[in-house]
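A lone chain, given as structure tokens: the form predicted alone.
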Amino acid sequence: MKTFLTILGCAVAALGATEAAAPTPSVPPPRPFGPVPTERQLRWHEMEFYGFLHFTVNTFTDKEWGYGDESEAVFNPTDFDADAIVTVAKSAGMKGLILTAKHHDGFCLWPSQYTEHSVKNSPWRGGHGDVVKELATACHRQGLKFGVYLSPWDRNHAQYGRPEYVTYYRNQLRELLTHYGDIFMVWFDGANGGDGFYGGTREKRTIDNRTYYDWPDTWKIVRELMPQAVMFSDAGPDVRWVGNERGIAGDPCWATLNIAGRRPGGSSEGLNSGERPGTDWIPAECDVSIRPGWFYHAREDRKVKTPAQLLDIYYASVGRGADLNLNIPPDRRGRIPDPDAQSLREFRKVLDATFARNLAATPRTIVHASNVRGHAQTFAAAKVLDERRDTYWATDDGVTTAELTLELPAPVTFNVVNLREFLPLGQRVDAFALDRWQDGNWIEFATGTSIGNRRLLRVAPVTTDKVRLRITHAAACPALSEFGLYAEPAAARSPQPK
């Protein structure tokens, strides 16, 4: 599958090739509608599913939030294996991993030159270890992308809450973005200020999160050193929080947001559903842990999410146009615990079985469209079945209600419908419906609103030889790149989560 890096180029090239072979006048593509994604956001959309690694002194103190007074000697995994961690993530279908390089406790998983509170003063690897380096290397070796979480709050640092700390924080950000190869995401947490060790003062410190970090200047460091990395926070600037830690996107979940006045750690209003129309393209990430907590706790070994629960989350996140960031915390060995790895394997088996074959993509399937842009082959209805994200069916300007019908050579049974818009042109469809052909009539079996990067509709099993998609409302002429029919293994079928 081609990446989005060449989508616009491929689309233009395909259009040019069609025009060269055809004597009819060229048909221009639709104009983009509203905010559109940047190249870095398109790269991120293509990932869809990646993982979080919460790992620090909390793993060994059995806490979720460290106070900041933990001894460096506490951190001492007995059998840390970065390649084994990455192998588990890759086998689950994750496209990348984000490591908590520094959580709120301030302990650094790399030998930062700006603090003594790091792995360089732990017994692990004799004080010569670097968790960030080992995981970054393993990810790059196995073809996964690597990202970092750098908590703005630091309960250990004596200068937190003062201007000197912001300089310290930015210096550490520069370390992470210059010593560990390509970084696909920098994850900024919204937890800021409160009780802490703070160099031994053991007091409560508050900050004004609107001004203290001077986020625009902090973001400039990322843009300068890692221009293709996306940045996450409550409100972007590239990817937004979905507003909960359950992995559930809104329905609808628009990729656009009104960004004016928003800031990291600010209001969560509108984050779950997005805003339509919105002023900026700020799509949602769904973050959730495979366990009740974010760090490993032995008492939770029997509370790992089941494959069925993970599937429900997948359809309510990736299936609603968001990306899924699933936390898989390493244990005190420095490995992914066996119950977690087993659940991930079973989850992946079901997804692979489900999407192994598009039941609509057969040589004898006929695709009818109520309108094709300029009657041009470039925008033909069949483009939705060519398994390419850089081609699409489109209608003429002004045609904002349209129908697309799949006429199959024989009846098939499916329970998952996959739709995808051509994102470089923006999010255009506002509402749609799906019908099946039964006893000489069309029967509606599903409806929806936003499509965006991907829409997966999990329905009761449908058996038919014709399926119709109706675009019932669009803000601009539709541009659809995928329309697929899939069947989950019978044992895995369940209703879409509320």
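This is a predicted model, so every value here is computed, not measured. Note that residue numbering follows the sequence shown and begins at 1.
Omitted here: the form predicted in complex with a small molecule. The next part is about that form.
Out of the listed residues Arg240, His103, Arg155, Arg320, His103 is the one that sits within 4.5 Å of the small molecule in the predicted complex by at least one heavy atom.
Proximity to the small molecule in the predicted complex, defined as a heavy atom within 4.5 Å, holds among Asp331, Asp189, Glu72, Asp312 only for Asp189. For the candidate spot formed by Phe33, Trp254 and Trp281, no residue has a non-hydrogen atom within 4.5 angstroms of the small molecule in the predicted complex. Shown alone here, Asp287 lies within 4.5 Å of the small molecule in the predicted complex, counting heavy atoms only.
At a distance threshold of 4.5 angstroms between non-hydrogen atoms, Trp65 is in contact with the small molecule in the predicted complex.
Within 4.5 Å of any heavy atom of the small molecule in the predicted complex lies no heavy atom of Arg454. Heavy atoms of Glu300 never reach within 4.5 Å of the small molecule in the predicted complex, leaving it off the interface.
The candidate stretches are 50-58, 437-445, 460-468, 36-44, and the one lying within 4.5 Å of the small molecule in the predicted complex by heavy atoms is 50-58.
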